[in-house]
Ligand code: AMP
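The form predicted on its own is given below as one chain in structure tokens.
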């Protein structure tokens, strides 16, 4: 099977590693890829939203399976655009279904319609700004403001002051997050602990993949600015049988049934961002693709041929497919550039990769020049370790993180601290 994977992050490096373990994989191309994905396939200099270029590449190279890593191509309609290519399977929802991630208001309305527990909310634009101000001033604190559209994981603000909330609402609708903030969802603050659940669906049936928990804040103790993710652990120790059953019964199955009832064209990953509020699971958000850095922790625990599972989506084989998951703990610690998530430098040489032992390095913001690997982004790479206990896995991550050097590098030393 010829496979094209879109993306250039740690998620795509982890998927590349797993996909090329399959005997079904004849050729793997990654567009645009990074210094890590070159170990498993061929990087292609293509933008993830250059649909014409992607179509030409698929047709020229007889691609049978397209796996879409990031959300942007899905929300812009790549599945719709490539729908008429014969014999091409795509892992990812079409443009309408991708609104579950691409529009917070759309997702909230979907949850409301199908009785899926989530925070109460209202959505506002510049047209009803006065109404929004009144709503904010009468709302209990803390108050949560979310940019309706895609904002690279940074469009959520939790505020403890009404005047600050008014100011930030105005900033958002005036362009703080670009077009993503033209509509703002204002919702109640839910107090609890978060976790992520992943399901692969053909739009009617689903298969559960490992659970995970990620850490978004730049600072230890979950302090400071939001990032794309500083680390992740899998499984999540507080998810017992009771909480998992409630999660399935109250969230996962109603979501998949809602997708089917709405007639959405959804063949791909549903990422459930969930919060445990005193034993009651509630949805914070949907994503329409694998998470990052959760993927770097969940993929090593999947004990089946992932490419075969992808190939089975939309066929009679899918419902009968048995997904087996390792009982081991898998942890990932992300190394970032100094200054991230704000201003940071690129093109900094990386050393020590050849010293890593007993762990995997999944590249993200890296590139190759000659024989030298350089930084090429804010999140540079994730160190992943698998062990019988969470502490063993994390200790291995940190021992290996010390060996990798680049100027002004930083990583959180407390991943898993709340577990």
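All of these numbers come straight from a predicted model, not from anything done at the bench. Positions refer to the first chain, counted from 1.
One more form of this protein exists, namely the form predicted together with the ligand; it is left out here, but the text below deals with it.
Out of the listed residues 81, 194, 131, 308, 194 is the one that sits within 4.5 Å of the ligand in the predicted complex by at least one heavy atom.
In terms of contact with the ligand in the predicted complex, the residue from 156, 136, 107, 218 that brings a heavy atom within 4.5 Å is 156. Taking the partner from elsewhere, no residue among 72, 76 and 179 has a non-hydrogen atom within 4.5 angstroms of the ligand in the predicted complex. At least one heavy atom of residue 187 is located within 4.5 Å of the ligand in the predicted complex. When contacts are judged by a 4.5 Å heavy atom cut-off, residue 312 does not count as touching the ligand in the predicted complex. By the criterion of a heavy atom within 4.5 Å, residue 328 is excluded from the residues contacting the ligand in the predicted complex. The ligand in the predicted complex comes within 4.5 Å of a heavy atom belonging to residue 285. Contact with the ligand, judged by heavy atoms within 4.5 Å in the predicted complex, is confined among 142-150, 337-345, 92-100, 166-174 to 142-150.
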